[in-house]
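One chain comes next, on its own, written out as structure tokens in the form predicted alone.
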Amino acid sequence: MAGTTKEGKGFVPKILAFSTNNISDPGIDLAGSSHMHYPPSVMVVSMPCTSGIKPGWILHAVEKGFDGIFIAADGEECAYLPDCSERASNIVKNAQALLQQNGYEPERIKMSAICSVCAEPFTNQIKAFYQIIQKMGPARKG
């Protein structure tokens, strides 16, 4: 079962990826339709805007078994808010602090701007993050 074995080769990290309907979703979909491979233990959840993510959701996801959280951010292309990037950056900082306050490593969160045609950057980013989480081992309170 994903995420349940000990550190090392047998450990399969479970990663929750937040994406956005208009910007990063098309890029992630393009990765799939182009048969670009990324770990099957990545679960993608779509939202209208990156700034809608709540730090508590990230903590909840880690507490419920996700080993890492990847935020495929809108960057400067957000259709909803002109300061979305700044808000998203603050959300990540607050979520990292919340994880740390609850005994988890703040490095379990990664945010990267992923555009609508960024299939290859997405697969590269998620594979690299997967390897980092794999080296860290399962999320547990420290």
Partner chain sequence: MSDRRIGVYICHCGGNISDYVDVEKVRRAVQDEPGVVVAKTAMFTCSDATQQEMVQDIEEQQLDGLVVASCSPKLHLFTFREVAKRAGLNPYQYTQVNVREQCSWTHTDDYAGATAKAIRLVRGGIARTRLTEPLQPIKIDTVPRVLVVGAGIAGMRAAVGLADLGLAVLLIEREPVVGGRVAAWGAMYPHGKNGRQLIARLNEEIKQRENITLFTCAELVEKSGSIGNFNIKIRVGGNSGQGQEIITARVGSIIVATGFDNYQPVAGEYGYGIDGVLTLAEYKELLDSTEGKLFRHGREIKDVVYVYCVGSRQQSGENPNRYCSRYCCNAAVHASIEAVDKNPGLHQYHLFRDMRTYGKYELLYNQAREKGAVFLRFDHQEPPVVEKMADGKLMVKVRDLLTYSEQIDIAADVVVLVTGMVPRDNGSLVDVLKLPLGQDKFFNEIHPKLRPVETVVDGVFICGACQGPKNSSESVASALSAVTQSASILKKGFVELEPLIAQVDPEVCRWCGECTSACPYGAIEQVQYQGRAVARVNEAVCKGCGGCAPLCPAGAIDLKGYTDEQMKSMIDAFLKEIV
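Numbering follows the first chain given and starts at 1. What you are looking at is a predicted structure, and each value in this text was computed from that prediction instead of being measured.
Beyond the structure shown, there is the form predicted in complex with the partner chain, which is absent from this document and is the topic of what follows.
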| said: Can you confirm whether 104, 113 and 127, the three residues that make up this candidate site, all sit within 4.5 Å of the partner chain in the predicted complex, judged by heavy atoms? | reply: no
| Can you check whether residue 109 is within 4.5 Å of the partner chain in the predicted complex, heavy atom basis? | no
| residue 134 within 4.5 Å of the partner chain in the predicted complex, heavy atoms | no
| query | Heavy atom to heavy atom, is residue 117 within 4.5 Å of the partner chain in the predicted complex? | reply | yes
| Quick one: does residue 98 come within 4.5 Å of the partner chain in the predicted complex, counting heavy atoms only? | no
| Judged by heavy atom distances of 4.5 Å or less, which residues of 52-73 approach the partner chain in the predicted complex? | 52, 53, 54, 55, 56, 57, 60, 61, 64, 65, 66
